[in-house]
Each structure stands twice: as structure tokens, then as C-alpha cells.
Ligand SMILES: C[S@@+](CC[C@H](N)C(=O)[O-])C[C@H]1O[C@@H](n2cnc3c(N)ncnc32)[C@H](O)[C@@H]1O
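Okay, here we've got a single chain as C-alpha cells, the form predicted alone, with questions on binding and movement later.
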Amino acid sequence: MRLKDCLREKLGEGEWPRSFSIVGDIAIISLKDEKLLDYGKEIAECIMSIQKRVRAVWAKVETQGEYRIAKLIHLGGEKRTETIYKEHGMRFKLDISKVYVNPSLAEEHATIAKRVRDGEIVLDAFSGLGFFSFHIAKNANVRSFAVDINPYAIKYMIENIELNKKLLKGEIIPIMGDFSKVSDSFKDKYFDVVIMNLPHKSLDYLPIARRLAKREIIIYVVIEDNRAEELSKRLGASEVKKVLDYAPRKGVWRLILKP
């Protein structure tokens, strides 16, 4: 049964939410219309009846702060935010209230990992939990420097390196700090590949990426869909692709650039 059908049975006709995401055994539903919180109990019951492995249900009402974490409201089930999330055979311990996670990017992480070659050095700027670094290290014998300002992201990254050590061919080096300051400690053209997944601000840091990268820069930007090709041409991108919907006629786009 679909979520909207379950809610219609319980509550009658209405503009009910249609989808939710699952991270480990926790369900997260985006409720920008906070009036729907009045039906939180019923929403949680429906989700847990549709997905038997879900043990906790949280509503995401906004994304906040420089750590890009979700403001959450508990709707039902266990009142916890820590879980084990699985992605392409790897396990990630995380807390959805302290770190950014988006299961919709799982295939993007795996796709980018295939672009990196054995023996290369990678900079995963604004790494969060380090999903790109983990996929890259699973796929190739590399050194990946994962930089993030969120101490919880670094904490869980260190735990997850141990959790997945048997699967990793390469090395992940976690670094906690402000990327604009951390980058000063790296030599020019030190990295073969630089990844910048900070969609609202990546372009601000592009000069730093151009200084550090030897072979390729991979950036993500939030932009109106009809402006993506224009931006691609202006930056000299060899590839441009939409990876996520962000808002009506607006998305998160990936651009591949030469330094």
C-alpha cells in the first residue's frame, strides 16, 4: 500500500504526503507544511505498517546551519536518531540529527568513485560523513583526504573507517576544519581529483579547487534548470548532469571541470 492511500483510509481525503526516505531503520518524511504535524501519529503508523523494518519515524521540517543538518520532529516509534545505514555493501553508523545524509545520492557516490584511478590522491572537500571517500576507497587503491567542519561527521567517519576496513582498498584521511583554512596547508596541484559537494557555495571555492587539482574537479551546484547549460559553458565543463530535484524547475547539478 502507498503512503497516501494508507492516510486516506485513516483520515479521509486530503493533500497527504506521498513519499519518505529510509536511513537504516529510521524513516524521514519531509513536512514543509507544518499543519501536517497534527497527523504525525497516523503518518508514523502508516509508514511503519508499509515498511516493517522501520523502528522510528521523524519529520524533517527544514535544513539548517552550516552543517546542513535536518531540523527533526519525532512522529512515532522509538525516539532515537542513531542508526546503521547501508550503501553498496558498506555500513555507516550515523545520527540523522547531527550529520547530513541523503540516500538518493547513493548511486551518485558510486558513479563518481569509478572516475578515480589507482594511485591517485583525492580531496573530498565538504565531505560530510565521507560517502564519496568511502566509495572511492572501496573501488581503488587511493588516498582520499576528507575535510569537513562538522565534528560529528568526522567522529562518525573515523568509526565507519573501522567498521568497513575489510572492504576498503584505499586510505581515508579525515580532517576536521574550515576548508578555506585547511586548503592553505596543501601544495598547489597536490590532488589528482577535487570533489566539492556544497551545492549552495561550491562556486565560491572554485579558485581554491583550481589551484589544488591536477586532473579533474567535480562540483555540485544548486541552479535553475534552464541555466545549467549556460553555467557549464561559462566554466568550460566537459560534463553537466542533474543529480537531484531541489525545487520546481531547480536542481542540484554536477559539473566536471578541468583545472
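From 1 onward, residues are counted along the sequence shown. Keep in mind the model is a prediction, meaning the values are calculated, not measured.
Omitted here: the form predicted together with this ligand. The next part is about that form.
Exactly one listed residue, out of 208, 54, 198, 31, brings a non-hydrogen atom to within 4.5 Å of this ligand in the predicted complex: 198. Just one of 112, 121, 168, 105 comes within 4.5 Å of this ligand in the predicted complex, counting any heavy atom, and that one is 105.
With a 4.5 Å cutoff on heavy atoms, residue 134 does not count as touching this ligand in the predicted complex; it lies far away.
Among heavy atoms of residue 190, none comes within 4.5 Å of this ligand in the predicted complex. Although the partner is absent here, residue 127 lies within 4.5 Å of this ligand in the predicted complex, judged by heavy atoms. For the chain shown alone, residue 230 is not a contact residue for this ligand in the predicted complex, no non-hydrogen atom being within 4.5 angstroms. Looking at 88-96, 176-184, 113-121, 71-79, the stretch with residues near this ligand in the predicted complex, meaning non-hydrogen atoms within 4.5 angstroms, turns out to be 176-184. Along 1-30, no residue reaches a heavy atom to within 4.5 Å of this ligand in the predicted complex.
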